[in-house]
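Form predicted on its own, single chain, as structure tokens, below.
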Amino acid sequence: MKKKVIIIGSGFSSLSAACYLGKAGFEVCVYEKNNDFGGRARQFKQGGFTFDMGPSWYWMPDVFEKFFNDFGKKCSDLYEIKKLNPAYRVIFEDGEEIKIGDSIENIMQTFEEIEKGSGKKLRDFLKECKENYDLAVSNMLYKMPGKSVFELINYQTILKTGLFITNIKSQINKRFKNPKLRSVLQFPVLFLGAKPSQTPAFYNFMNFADFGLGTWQPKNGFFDVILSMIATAKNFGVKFYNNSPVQEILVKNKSVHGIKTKNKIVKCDIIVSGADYSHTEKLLPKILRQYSDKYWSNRTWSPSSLLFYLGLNTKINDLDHHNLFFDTDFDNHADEIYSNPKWPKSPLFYLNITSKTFNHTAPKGCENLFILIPIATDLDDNEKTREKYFNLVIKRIENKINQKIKNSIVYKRSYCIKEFKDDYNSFGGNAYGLANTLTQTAFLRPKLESKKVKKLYFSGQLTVPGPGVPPSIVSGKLVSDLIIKDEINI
């Protein structure tokens, strides 16, 4: 008789686990609290505009490819992706811009034009970044269940001990003098949810993910990946239930017994939660929780975000698909997120226009805009504050492109801390999970397996490997490997 697995949530880690466990022969059911599947990668359409609600940077394409290869497919069998050129544009306060091309050679030339000698320095730096990427992805990412310090210790990581002691900011500043180049090179760390000065230099492998592997875009947005994962899971008999928030995890003899959802009891043998870790443990009696509220409050969290989804009835001429507005002080904004949490005085922000690459995501002659302002967690979130920052970023966009767009907005929606809490039960309204600081790396992150409740497992950005879409997909595999080992390969 097949053992039954209930998976809580339908984000990337949950769908990954559903695919692997379904393939292994388990009876798998996915329960999603919201109407739409996909977690933070949900999508919505309005008035002919298509908006990805969360992830928008398709990096580390090899991880996506490896995932679908495990089920006998290639990404190209399931969805169309395009490599972006430029990958993105960075806009600075003095009006200068840096466009990141689609090859290392092009990027080296751009660096050399800005700072003499930096092209060769970049090539040497990226060689080291690639070595770390190969080590991280091939030797560590898929082999880190987060149980022991020895997961990080082997002959290769011993040789790189210094990269865990120093940080990315100091490593970059030592090589490059131009502040704009420094900002560009520190940008990928934001995907890890921490300040460059708090992120071990080993994570410079993200620079290879950026410059070496490039930036891609699925034709219909990240939801293409979600739909492909759901289809893969269904091929193995996985069942999906939406509008089904789990109200309680039932435990019998210190082992999972089932869940309670909408006053209905569903029994099972195993539970995997890809939902917020701290919220999941609150579905248990207090005595069976591994981590206290104090533990979670003392963690270093990645930022939350103030998001705007805008539909314009006009075209924008002088911007690209991905645009980083670094036209204000990087360090000051970072301090307002981590060191002295408050609403930022003059924030950096990110602008994504998918209609620049695939025009079917907006009506003819129109554009869809996704704006993200990184902010601290647990701030006072209200409409007045949202409107203040909306006006601020629209003005900066208009000044940049020398074009009035505010009166051309025909659709507008905001999303912030309140919605992150309501929709995802996100601790503090965080957007990306726990930051990858030295003290929150690998075995120091919350565990994949409960020590207090047998057959209860966790996946996603609060456990290993960490924040981001590719790590979340890997997290689903890691937890599945644990379950398969425990239940099948005994």
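Heads up: residue numbers just count along the shown sequence, starting at 1. Just so it is clear, the model here is predicted, and its values are computed rather than measured.
Same protein, other form: the form predicted in complex with a small molecule, not shown, and the subject of what follows.
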So in the model of the complex, does P465 come within 4.5 Å of the small molecule, heavy atom to heavy atom? no
Can you work out whether I8 and the small molecule are in contact in the model of the complex, taking contact to mean some heavy atom pair no more than 4.5 Å apart? yes
Is S244 close enough to touch the small molecule in the model of the complex, meaning at least one heavy atom pair within 4.5 Å? yes
Mark S472 yes when one of its heavy atoms lies within 4.5 Å of a heavy atom of the small molecule in the model of the complex, and no otherwise. yes
Among 193-201, 168-176, 353-361, 244-252, mark the stretch whose residues have heavy atoms within 4.5 Å of the small molecule in the model of the complex. 244-252
As a check of understanding, the residue in F67, Y432, F458, F51 with any heavy atom within 4.5 Å of the small molecule in the model of the complex should be identified as Y432
